[in-house]
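Only one chain is given next, in structure tokens, and it is the form predicted alone.
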């Protein structure tokens, strides 16, 4: 099987600093975390940022500063979340692309998200996709449910291929309101993926982290891990550092005879603008 792309999602928008002091919420903490995770096998970082009070924000100045710092201090593919928090307005989420990341998340539909609603109406999805092409940002299509798989088929048929020509998706599994984090759900989603998909990964939320990881590896998929998605290594054992989750993912990959991808390989896999220009760590 191919080498394993490990994406780390270190922060997210849901967990508070008060509830989890080890969560990297400052720029210095985020950069240090990214460096540590790169050393143990991560090749891409999925970024949410916080303000000076550790609250989720989509402040464009902070986003640009974050992208610049991560590029200066790591070779990772820098992927910004365009989801923000469930309370962020659509226009703010569109402006994320102005920070010029290598990649962005692009969620393929509205989904219940615990007690909230993660809003992604079709015109917004199309607008975000078109802008990602114009700004030469590689989208990662986030699929929270089987209906999102069908929406991805519709988008590619209607709008054509993304920038770079690669179709990379992430199955986000185990969110209350989305598809369950089970091997059966993963197999069903993978079977329904468009023929044009060139690579896919899977994310298991909470207790589904390990079942989803095992299922993804067995089907040839890649992995996203991090404290955005899970805060315990086992029952009663809290995650102290995102690198612990990356290390575990790398160890599982090696058991499956798949070595962690380097950042340069990840840039090539996604055909990012930096890879095309020769600016990645090739």
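Quantities reported herein were computed from a predicted structural model and do not represent experimental measurements. Positions refer to the first chain, counted from 1.
There is another form of the same protein, the form predicted together with a small molecule; it is not shown, and what comes next is about it.
- Using a 4.5 angstroms limit between non-hydrogen atoms, residue 197 is distant from the small molecule in the predicted bound form.
- In the predicted bound form, the small molecule stays beyond 4.5 Å of every heavy atom belonging to residue 174.
- Although the partner is absent here, residue 109 is not a contact residue: none of its heavy atoms lies within 4.5 angstroms of the small molecule in the predicted bound form.
- In the predicted bound form, residue 248 stays away from the small molecule, with no heavy atom inside 4.5 Å.
- With the partner removed from view, the residue among 211, 84, 178, 162 that has a non-hydrogen atom within 4.5 Å of the small molecule in the predicted bound form turns out to be 84.
- Heavy atoms within 4.5 Å of the small molecule in the predicted bound form belong, among the stretches 268-276, 20-28, 7-15, 254-262, to residues of 7-15.
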